[in-house]
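Shown here is one chain on its own, the form predicted on its own, set out as structure tokens.
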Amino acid sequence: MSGVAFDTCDVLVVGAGPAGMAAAVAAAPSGASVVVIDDNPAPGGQIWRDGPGASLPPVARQWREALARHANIRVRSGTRVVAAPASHELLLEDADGAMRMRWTKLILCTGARELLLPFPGWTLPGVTGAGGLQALIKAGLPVEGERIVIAGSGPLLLAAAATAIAAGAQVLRIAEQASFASVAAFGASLVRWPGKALQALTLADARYRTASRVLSAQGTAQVESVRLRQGDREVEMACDRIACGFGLTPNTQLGQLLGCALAGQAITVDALQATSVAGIYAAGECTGFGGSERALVQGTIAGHAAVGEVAKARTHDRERARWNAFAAQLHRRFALADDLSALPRPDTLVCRCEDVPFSALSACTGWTDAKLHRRCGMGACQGRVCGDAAQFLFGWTPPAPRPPLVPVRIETLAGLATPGDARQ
């Protein structure tokens, strides 16, 4: 083996979103050596993503400054986890090369990704995720004057609309699949979280419609229009862009690779944010989505617990319970309707990487069957998009991931091969 560096730390935090930043800041005063790795160019995660089209909120700046104040925290941005070549080691890759990082305690703050459901026309240029649209705008995508329709479910739709409007776009419709009664009940419940109630008021938009969903996108080389069902009627709107997001799916691949147990689609944790594997903790959206406030307090607890400060960790129990209750409201009020699985037609592509249509999957017995005989999930995204969609459409449970977790350079793969490795 050559070209692979080696490093060690007491606490390794994977993910530099709110949970990861809070975990590192909580652990640092103990004097432990802390390393934070993240595949984005700067700390903040998806919610506090930086870029030429982004205005970083004050709270995000405060957490970045808190990271910088501790000399024993090293932040490695632009770094991806490839594999777990041995016990208490991760193989990493960045622009400069590969590294094997040995850790004593590990905190997983791997976040979540958007759930994208296939519908006719969803592969046309101009169709993105709702969060994807936000990320593109923050990265500098010009949308001034564009006519945009946003559809799916959850508060992210309103946040995406606000980002697009601030960038000069014309948002024609915000289509929420949940019923009016469910959304109204969620709004009424926000009296328990005044900050969230205020945020909801600032994001309120007259173009918001409940019991509405996307049916199809039309166009030749680019999106030209969208068909929506609004209650009992169908409408068609001319538009330049469609952004659809149907909630979030926890990123659990690394946790699964390391043997951490799941509850549903999220990593299971105890009162100290410890997973089922000794020495490994988890915080934030990988334990179930619930917003940045929940991620921050979970990360704080995990950071204290990882360095043995149990008493300090327990002082945050009540705050975590409060935000867990908010997360439960989100899950209940924006639960996806079962009939969304009827959106794709037989020729609608489910796996965009390998061009696998819905009709080719309907007779498969499960994810492995679909992967082996239809190549579903064999492309560049490695099932991150179509795997989640297939789980919703067919109820398939994806198998535990295998290394490498992401496409990597051959030189990096060489880092897996050393004598005495327990895991290959």
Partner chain sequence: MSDQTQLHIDGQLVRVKAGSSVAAALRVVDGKGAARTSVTGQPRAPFCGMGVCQECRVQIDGRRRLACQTVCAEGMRVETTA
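Note that the structure is a prediction, hence the values are computed from the model and not measured. Numbering follows the first chain given and starts at 1.
Although it is not shown, the form predicted together with the partner chain is what the next lines describe.
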TODO: Can you work out whether the partner chain is within 4.5 angstroms of a heavy atom in all three of 142, 222 and 352 in the model of the complex?
DONE: yes
Discussion item. With a cut-off of 4.5 Å between heavy atoms, is residue 381 one of the residues that contacts the partner chain in the model of the complex?
Written reply: yes
Checklist line | Contact test in the model of the complex: residue 313 vs the partner chain, heavy atoms, 4.5 Å | finding: no
query: Does any heavy atom of residue 120 come within 4.5 Å of a heavy atom of the partner chain in the model of the complex?
result: no
Looking in the model of the complex, any heavy atom of residue 125 within 4.5 Å of the partner chain? yes
If we test each of 294, 105, 173, 241 for a heavy atom within 4.5 Å of the partner chain in the model of the complex, the one that passes is 241
The listed residue (333, 227, 113, 76) that reaches within 4.5 Å of the partner chain in the model of the complex by any heavy atom is 113
Within 4.5 Å of the partner chain in the model of the complex, heavy atom basis, the matching stretch of 383-391, 61-69, 24-32, 362-370 is 383-391
Across 388-412, the residues having a non-hydrogen atom within 4.5 Å of the partner chain in the model of the complex turn out to be 406, 407, 409, 411
